[in-house]
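This document opens with one chain alone, in structure tokens, the form predicted alone.
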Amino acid sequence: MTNEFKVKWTKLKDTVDQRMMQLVQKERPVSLYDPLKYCLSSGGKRIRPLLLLLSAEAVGGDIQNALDAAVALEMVHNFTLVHDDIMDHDDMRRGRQTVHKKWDENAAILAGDALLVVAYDTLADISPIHLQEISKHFSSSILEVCEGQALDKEFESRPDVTLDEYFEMIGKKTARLFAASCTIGAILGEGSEKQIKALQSYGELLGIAFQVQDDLLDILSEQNVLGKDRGSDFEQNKKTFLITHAEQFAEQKYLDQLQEMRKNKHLGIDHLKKIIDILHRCGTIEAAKLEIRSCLEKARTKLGVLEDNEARKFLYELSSTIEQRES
């Protein structure tokens, strides 16, 4: 990451964080607002609002006019995380306790619900010219995220999930918000129809690459960097790219070995090393890396319709940053 892009990212991230905290200043009930603020203050890369703001700027728009939409979308993302952590029984998120673990499930559900309401309230402050169009994108994106999460849970009990089904699932659960970020930003920036569609495709491809990378990091990243338990996806029988690819293409002996590993209630370092070795042997890890590179290369080509400006350069650099990330 160039220093120029790092400074830009930090500046936009701080702007988004400050605006979010302004919107949740209430103190009571403590049981609602403490968990809500805890969730929003837990850090995160703020990739979705960054995408929205850079997309607006890339088509010639003003970042300030897109800020509330960016904040609203980030609140939706955090709403999904709070509820997903409950459904997946995750104890750690971004290196600290999840909301339902620190408080309880009731507090987490309410905090998530409140985030969604504040998100819609914030979205209502954008320009009336685009409000109806953007509201439709916003609502349809949230519904697709819910559909993706439903598929994710359904797949846990299925042994026959295909890669096509996997890509349908992550297209909804992860890539949809990436695409919506770019689309909404381009609309607010007054981009042309061609630019809006190109940025939507860029965001979708970026989201797919991001999720496959996330699946890979679940077993490859160091736990103190990852911010959650390593191998948690494998333990929960999540149909990640790695498991889905292996189940569809690996020899039976490798599948038997992976099934044996799943009998362990908690995966230690030695177990993870063996899983990684098995996935290397059946070509799954290399397939994941190839998929990530392919998606990101396609994403970069979509930026060709944009004028050669700083924001376009940063969007290009962001795609490389995703490929190199460790958490």
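The first residue of the sequence shown is number 1, and the count goes up from there. This structure is a prediction, so every number in the text was calculated from the model and none was measured.
FYI, the form predicted in complex with another copy of the chain isn't displayed, but the following is about it.
Heavy atoms within 4.5 Å of another copy of the chain in the predicted bound form are found in exactly one of 90 to 98, 132 to 140, 202 to 210, 173 to 181, that being 132 to 140. Each of Y33, I86 and C146 places at least one heavy atom within 4.5 Å of another copy of the chain in the predicted bound form. For the candidate set I196, A250, A114, L163, a heavy atom within 4.5 Å of another copy of the chain in the predicted bound form is found for exactly one residue, namely A114. This chain lacks the partner; the member of E154, D256, E222, D229 within 4.5 angstroms of another copy of the chain in the predicted bound form by a non-hydrogen atom is E154. Taking the partner from elsewhere, S192 is found to have every heavy atom lying beyond 4.5 Å of another copy of the chain in the predicted bound form. In the predicted bound form, none of the heavy atoms of K273 sits within 4.5 Å of a heavy atom of another copy of the chain. At least one heavy atom of R28 is located within 4.5 Å of another copy of the chain in the predicted bound form.
Proximity of V118 to another copy of the chain in the predicted bound form: non-hydrogen atoms within 4.5 Å are present.
Shown here without another copy of the chain, the chain has no residue in 306 to 324 lying with a heavy atom within 4.5 Å of that partner in the predicted bound form.
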